[in-house]
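Quick setup: one chain, the form predicted alone, written in structure tokens, and binding and motion questions come after.
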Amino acid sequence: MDYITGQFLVNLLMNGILIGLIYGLMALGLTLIFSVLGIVSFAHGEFYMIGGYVVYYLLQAFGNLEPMIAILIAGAVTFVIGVIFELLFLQPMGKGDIERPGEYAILLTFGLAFFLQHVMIGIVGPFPTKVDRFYDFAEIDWGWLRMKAATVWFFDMPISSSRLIATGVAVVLTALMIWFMSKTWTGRGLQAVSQDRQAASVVGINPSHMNTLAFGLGTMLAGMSGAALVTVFAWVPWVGMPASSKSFIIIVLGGMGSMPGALLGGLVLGIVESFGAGLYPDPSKALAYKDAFGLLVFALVLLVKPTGFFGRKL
């Protein structure tokens, strides 16, 4: 363990924060769906996967397309798919036409995940694809900050430009989502429905419309997080499965339905995984155990606070 230095620990912390912010964005959509509709979408990871593939094929077809535009298009595509699915299949649940809505939602979203994953396998095949980094940084050297094409050195700590750009996208989208939820009438309407559907309907808010919007926004955030990360990881049709499992862990860590909890849970999970993998005595096995470190802190938090960081007792 002679390689452990102060700079190495700071580097692990920084990498954990970077990936944790992306995790938080990924889970933000899932917690929004749960808080408004009262269901957990098991297809969340598949929308993350679709977002990445939309960017991949857009950049393949239009080589000069601005990558940020491609990410926005990926968000629009996943938003539309989510809205159509909610209108066709989840709307009857909101109207009270389904006898056991909880089980119905689980089976339906699980079936959607299975369907989307195998449709994509049929379309793109099982082989991994990788998108080239969105931007090459200009070469600069300011001592404490250096850039060269694919890497940024911050106080001699290397950071992948792809991961840095993905984190920047996550921060901007998270800030916009917080602004939307707190400053706009529609966002406050979503919050009102999540707190009390009947009271919200009394003051003129249509819960059915809010259900559709919440599901669409949730799938959009998943798609855009995948679109931002497609340059970081190899992309295959089942890439959404680990992303989905991490999102479930995060929303339980942060507290079911809590947006601040989703952000904090994402940061905690990212930092724990980074330190766990970086400090594990056998580097050849460290990545294999990375998910186990996240599950360990998940279990410890639930032992101390079963409702999560910001969860409320039902």
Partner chain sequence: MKRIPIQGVLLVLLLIFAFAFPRIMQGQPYWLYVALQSFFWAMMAASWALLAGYAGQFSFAHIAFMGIASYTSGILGRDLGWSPISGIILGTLMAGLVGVLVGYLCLRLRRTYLALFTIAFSEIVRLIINAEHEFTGGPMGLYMEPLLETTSYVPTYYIMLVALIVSLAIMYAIANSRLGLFLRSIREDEEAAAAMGVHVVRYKILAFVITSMIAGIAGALDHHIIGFIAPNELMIPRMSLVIAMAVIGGTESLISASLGAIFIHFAMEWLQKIPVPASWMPSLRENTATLQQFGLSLGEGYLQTNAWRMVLFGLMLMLTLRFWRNGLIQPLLEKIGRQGVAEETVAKRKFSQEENEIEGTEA
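Source: prediction; values computed, not measured. Residue numbers count along the first chain shown, from 1.
Although not depicted, the form predicted in complex with the partner chain is the subject of the following passage.
Determine which one of 103-111, 75-83, 169-177, 215-223 lies within 4.5 Å of the partner chain in the predicted complex, judging by heavy atom distances; exactly one does.
-> Only one stretch passes the 4.5 Å heavy-atom test: 103-111.
Verify the contact flag for residue 252: yes if a non-hydrogen atom of it lies within 4.5 Å of a non-hydrogen atom of the partner chain in the predicted complex, no if not.
-> Yes, residue 252 lies within 4.5 Å of the partner chain in the predicted complex.
4.5 angstroms heavy atom contact with the partner chain in the predicted complex for residue 40 = Yes.
Answer yes if any heavy atom of residue 89 is within 4.5 Å of a heavy atom of the partner chain in the predicted complex; otherwise answer no.
-> Because a heavy atom of residue 89 falls inside 4.5 Å of the partner chain in the predicted complex, the answer is yes.
At the 4.5 Å heavy atom threshold, is residue 135 in contact with the partner chain in the predicted complex?
-> Residue 135: no contact with the partner chain in the predicted complex.
Along 247-271, which positions have a non-hydrogen atom within 4.5 Å of the partner chain in the predicted complex?
-> If the 4.5 Å heavy-atom criterion is applied to the partner chain in the predicted complex, 247-271 yields 248, 252, 256.
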